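Presented as structure tokens, the chain that follows is alone, the form predicted alone.
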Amino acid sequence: MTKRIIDLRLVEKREWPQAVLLKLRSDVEPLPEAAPGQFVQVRVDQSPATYLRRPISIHFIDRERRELWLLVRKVGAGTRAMADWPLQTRVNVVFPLGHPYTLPKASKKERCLLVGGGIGLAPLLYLGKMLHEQGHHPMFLLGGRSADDLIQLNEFEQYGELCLTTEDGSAGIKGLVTAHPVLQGPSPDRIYCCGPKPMMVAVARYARQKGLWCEVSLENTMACGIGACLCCVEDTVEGHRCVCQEGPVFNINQLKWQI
């Protein structure tokens, strides 16, 4: 896919205590083609301390409205500046970047379990939409520390069944995602995962034990987004790989987590 540098306009914003949803619209041209699991690099002009672009997962793309949705966790100067953007702010982004999730063949309808923890649920909405439109059967297993972390649920349930967990029991099953009863039922054909590394390692271990196909989206620190700075290198069975270029999505068989 061809990378583009494009200016978008902030047309809608929704905030939660720890995150913000930004809907960015292209006024002059269709959005570039992008796949679930890819990301964008956002320029943050309003933060003097933010010298580099910020890598943000593609949360959703609405092609009819020419909108790119970004779900941003407010964790540093750059992302907090993004959360403070007023409507109509012009936002410069580079996308699509990175290696996406692998979609099943449309000819074979598969049961897909999409596991997200915290802000790691961000790339799973667009993935769920694409799977649903191709006739597959997505199920979302989403976890957080509390109910406040489980956001955008109305949007997720448009594309599949929701299974929820929280560490404090304020929503869904109390405990981690790996404690949800859905994992004790019939095995899915595929597992897709994104979230904190300990959670992804646990999901990968479950998939290995069951002999299931599984992809995870790594959240290594990225700076350049094009494989030049080597900040995001991951040691894989094939050697060191830049997550921003050859990821962020990897099949668990490529990783050394449990070898």
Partner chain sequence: MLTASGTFGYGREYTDFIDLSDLGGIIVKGTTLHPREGNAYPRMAETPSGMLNAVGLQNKGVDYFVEHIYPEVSQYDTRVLVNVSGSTVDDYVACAEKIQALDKIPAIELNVSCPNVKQGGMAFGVSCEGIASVVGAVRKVYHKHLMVKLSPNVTSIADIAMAAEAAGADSVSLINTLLGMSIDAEKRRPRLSTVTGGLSGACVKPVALRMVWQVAKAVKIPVIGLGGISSATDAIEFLLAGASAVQIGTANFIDPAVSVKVVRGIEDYCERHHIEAVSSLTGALEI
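Note that this is a predicted model, so its numbers are computed, not measured. Numbering follows the first chain given and starts at 1.
The form predicted together with the partner chain is left out here; the points below concern that form.
Query raised in the report: Is A49 close enough to touch the partner chain in the model of the complex, meaning at least one heavy atom pair within 4.5 Å?
Result: The answer is yes: A49 has a heavy atom within 4.5 Å of the partner chain.
Query raised in the report: Would R190 count as a contact of the partner chain in the model of the complex, using a 4.5 angstroms cut-off between non-hydrogen atoms?
Result: The answer is no: R190 has no heavy atom within 4.5 Å of the partner chain.
**Report entry** the partner chain contact at R66 in the model of the complex, heavy atom, 4.5 Å
**Finding:** No - in the model of the complex, heavy atoms of R66 and the partner chain never come within 4.5 Å of each other.
Query raised in the report: Applying a 4.5 Å heavy atom distance criterion, does H59 contact the partner chain in the model of the complex?
Result: It does not: once the partner chain is placed as it appears in the model of the complex, H59 has no heavy atom within 4.5 Å of it.
Query raised in the report: Using a 4.5 Å heavy atom cut-off, which stretch among 66-74, 213-221, 23-31, 200-208 contacts the partner chain in the model of the complex?
Result: Stretch with heavy atoms near the partner: 213-221.
Report task. Look at the candidate spot formed by K13, A83 and I119 and say whether the partner chain comes within 4.5 Å of a heavy atom in all three of them in the model of the complex. Result -> No residue of the spot touches the partner chain in the model of the complex.
**Report entry** Contact set, 1-19 vs the partner chain in the model of the complex - heavy atom within 4.5 angstroms
**Finding:** Residues within 4.5 Å: M1, T2, K3, R4, I5.
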